[in-house]
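One chain is shown next in structure tokens, namely the form predicted alone.
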């Protein structure tokens, strides 16, 4: 039985924002094509197994310092997260791609769950990651249900910067199913440096674009508050990094009423 929905995309430049469980086969193919492009230039990095990174450096105390952590020949992990939210925790990554973060961060966690829209990326992730990593497609409800209410921490990199308001709200609803009460979600919203020339930047209320699928969406503090309203989350803190052009927001999962 197929996991995927069968919906027609809207016309013109607009892409419909579908909830993860309603992911279509067309959406899967779009992201598979994206990953094929990345693999043409980054295959050595993307296909390197976790055994190619034998080091286990201590995690820094500061989330901003954690972003600079690197392993062997790899790039800095670019992850904003508190050390105590990773060490010995059940961690989930939204938008895990080929497992580039999972194969590294899993050496600190109790377990790691990666989800993505690309079936190609997930298959590569399974091949390069340690046994403590599990990878499940976002539309595979049966495969994901055992993880509901069991996750301590949700992380992501280069993910929320590409979410418009409609899609971000659907992702919050999706991720709320997994987080335990008191669990944390770490989100990386785009906040441009006015001194830096930008490519394509939209406001959160703009529809997703067919012509610019990698466009970023600029979130103010008020936009984040509006996004969280009506969802079982509260804002614990935010950190604005001009260097990274990010508004890092830490959300806490509130108990069910």
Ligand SMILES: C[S@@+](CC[C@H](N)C(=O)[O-])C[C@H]1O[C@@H](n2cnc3c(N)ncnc32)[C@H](O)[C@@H]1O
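Numbering follows the first chain given and starts at 1. Every value quoted in this text rests on a predicted model; they were computed, and no experiment measured them.
This protein has a second form, the form predicted together with the ligand, left out of what is shown; the following refers to that one.
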- Taking 80, 153 and 223 together, does each of them reach the ligand in the predicted complex with some heavy atom inside 4.5 Å? no
- With the ligand left out of view, choose which of 135, 186, 117, 178 has a non-hydrogen atom within 4.5 angstroms of it in the predicted complex. 117
- Could you check which residue among 147, 159, 71, 165 gets a heavy atom within 4.5 Å of the ligand in the predicted complex? 159
- Taking the partner as it appears in the predicted complex, which of 191 to 199, 35 to 43, 50 to 58, 215 to 223 has residues with heavy atoms within 4.5 Å of the ligand? 35 to 43
- Message: Is it the case that residue 96, even though its partner is missing from this view, gets within 4.5 Å of the ligand in the predicted complex, heavy atoms only?
- Response: yes
- Any non-hydrogen atom of residue 171 within 4.5 angstroms of the ligand in the predicted complex: yes
- Message: So in the predicted complex, is the ligand close enough to residue 100 to count as touching (4.5 Å, heavy atoms)?
- Response: yes
